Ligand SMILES: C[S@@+](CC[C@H](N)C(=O)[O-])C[C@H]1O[C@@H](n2cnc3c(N)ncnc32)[C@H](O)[C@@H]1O
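Here you get one chain, nothing else, as structure tokens; it is the form predicted on its own.
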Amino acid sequence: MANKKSKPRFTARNSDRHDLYQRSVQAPEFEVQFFDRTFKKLRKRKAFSMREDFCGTALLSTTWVESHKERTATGVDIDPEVLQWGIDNNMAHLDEPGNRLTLEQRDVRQVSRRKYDLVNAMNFSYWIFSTRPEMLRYLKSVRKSLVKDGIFFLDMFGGWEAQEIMQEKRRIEGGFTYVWDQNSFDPRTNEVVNYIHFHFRDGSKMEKAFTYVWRHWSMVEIRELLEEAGFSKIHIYWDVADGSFRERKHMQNQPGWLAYIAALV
């Protein structure tokens, strides 16, 4: 009889791609702490209302409302399947959505009547907008959806390795490997095609679990577009060696870098 402890916890057959993504990519507790700490420092008050654009399973929104009894969140995504997954797997224990957490299936570029303390677009999701007019329209819609002292948080990555055709593998607790596949880069348009694969200890694989066709935007392009959209000041927080993010006025390029941007109304 086989030893149960030797059996892999995850296989391609028994795993759910959204669950694997959350385990591999997302760090909602860290991001909620970062938003909270940065908002208080820049605005001298606590943030309570948040909108999560491209929310997917809305794990970040769920974590936000769990962090304080007075906090509310709105998750926006165009995909009904992934929103339903979030309801079934992330929100059921909170009796949400409907009380402090709202989900909206729509285009994030649609300006909402409600205004928020903060809006965020994480995991480079806004790079789906591949032209300057599309990106500017989105950023202007975010600007109009914020309160007068609101903040827009977004993330970026770059460095010369970000344009290389390569695969990066990372072992994840529980017995599987996350594979980030930078499959193509077109220097004429900066269009990138990236995949996420999952490989398992039993030898099975979940190939192309997620596909991303993005424009790889530069830091200076996004800063200029934020300013054109009406944001008053841009703060950049650089991923430093100890895993934390520190505000920087000047940065040295690296093979690969990660940064958060806080854009103030």
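On a predicted model such as this, the values are computed, not experimentally measured, just so you know. Note that residue numbering begins at 1 and tracks the sequence as displayed.
Although it is not shown, the form predicted together with the named molecule is what the next lines describe.
Figure note: of the listed segments 221-229, 199-207, 39-47, 54-62, the one touching the named molecule in the model of the complex, with heavy atoms no more than 4.5 Å away, is 54-62. Although the partner is absent here, residue 92 lies well away from the named molecule in the model of the complex, with no heavy atom inside 4.5 Å. Contact check for residue 161: no non-hydrogen atom falls within 4.5 Å of the named molecule in the model of the complex. Looking at residue 100, you'd find every heavy atom of it more than 4.5 angstroms from the named molecule in the model of the complex.
Interface membership of residue 109, defined by any non-hydrogen atom within 4.5 Å of the named molecule in the model of the complex, is confirmed. Of the candidates 190, 125, 177, 72, 125 is the one whose heavy atoms come within 4.5 Å of the named molecule in the model of the complex; the others do not.
For the options 217, 237, 212, 34, the residue carrying a heavy atom within 4.5 angstroms of the named molecule in the model of the complex is 212. Relative to the named molecule in the model of the complex, residues 21, 26 and 77 are all within 4.5 Å by at least one heavy atom.
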